[in-house]
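The chain that follows stands alone, in the form predicted on its own, written as structure tokens.
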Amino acid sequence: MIEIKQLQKKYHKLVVLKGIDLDISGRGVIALLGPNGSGKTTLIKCILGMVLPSGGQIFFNGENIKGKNEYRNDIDYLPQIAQFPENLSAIEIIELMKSFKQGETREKALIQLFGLERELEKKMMNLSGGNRQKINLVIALMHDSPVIILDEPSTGLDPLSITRLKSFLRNESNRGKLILLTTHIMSLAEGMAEKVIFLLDGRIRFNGMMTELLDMQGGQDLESSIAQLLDNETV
């Protein structure tokens, strides 16, 4: 579904992505992992056309995305940091974002899922960090697109909301969707993802099944396996 060939991104002398080759296809949850500055968010923004690559190509359903926007109608996206007008209420923001994309939406079910009914009339400036993130998730997920890309979706969420998010995303995966997420919470990735893409210094250091990574590194869990992978890279 998403094919990436020799993707490069430079900011002046800083090289962020260094010849990325990836085939992200099928269904299920893929965890895009790596330390801060490894290139995860830049890679996602290149896929979405929000950042122009310095080299390489990206294909979505077999078509080169360069100069195109229509393909993004098939992608639901949660940015790591979402910014909305602070003087608008949560429901006004939701209604505004609905207008940017055609088709039926399911915001009511998501509002109920995250327990936001009493927060909708509050202005964004008056919402807690956790409730702002829940509103961001409603906006990101309400269009029911076949591909979901989430950049740090659990930021600010309480344990109950994380549990509900995990259950929701598992259901989406079972419906045949492709879900790509970044997270620094290894338990979230381990509890959800079948595959792992590990970025370090702008290059892919691992791309395969979660079970393969655990076996290869001899770790008891994902966190220790990633730590071992990082340790091996610095030797």
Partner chain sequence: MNSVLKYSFYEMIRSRWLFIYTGFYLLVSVALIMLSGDSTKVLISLSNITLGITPMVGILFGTNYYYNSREFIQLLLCQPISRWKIFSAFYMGLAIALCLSIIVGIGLPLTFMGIFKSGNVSLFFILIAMACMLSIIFSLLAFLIAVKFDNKVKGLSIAVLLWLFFAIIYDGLVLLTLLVLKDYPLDKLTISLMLANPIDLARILILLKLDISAMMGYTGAVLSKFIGKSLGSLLIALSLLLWTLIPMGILRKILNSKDF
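Positions refer to the first chain, counted from 1. These figures come from a predicted structure and were not determined experimentally.
This protein has a second form, the form predicted in complex with its partner chain, left out of what is shown; the following refers to that one.
Of the residues given (Gly115, Pro85, Pro146, Gly130), Pro85 alone sits with a heavy atom within 4.5 Å of its partner chain in the predicted bound form. Within 4.5 Å of its partner chain in the predicted bound form, a heavy atom is found for every one of Lys9, Asn69 and Asn73. The stretch that touches its partner chain in the predicted bound form, counting heavy atoms within 4.5 Å, is 49 to 57, out of 49 to 57, 32 to 40, 192 to 200, 171 to 179.
In the predicted bound form, its partner chain sits beyond 4.5 Å of every heavy atom of Ala109. Its partner chain in the predicted bound form comes within 4.5 Å of no heavy atom belonging to Leu157.
Remark: Arg205 does not count among the residues lining its partner chain in the predicted bound form, judged by a heavy atom distance of 4.5 Å or less.
In the predicted bound form, none of the heavy atoms of Lys166 sits within 4.5 Å of a heavy atom of its partner chain.
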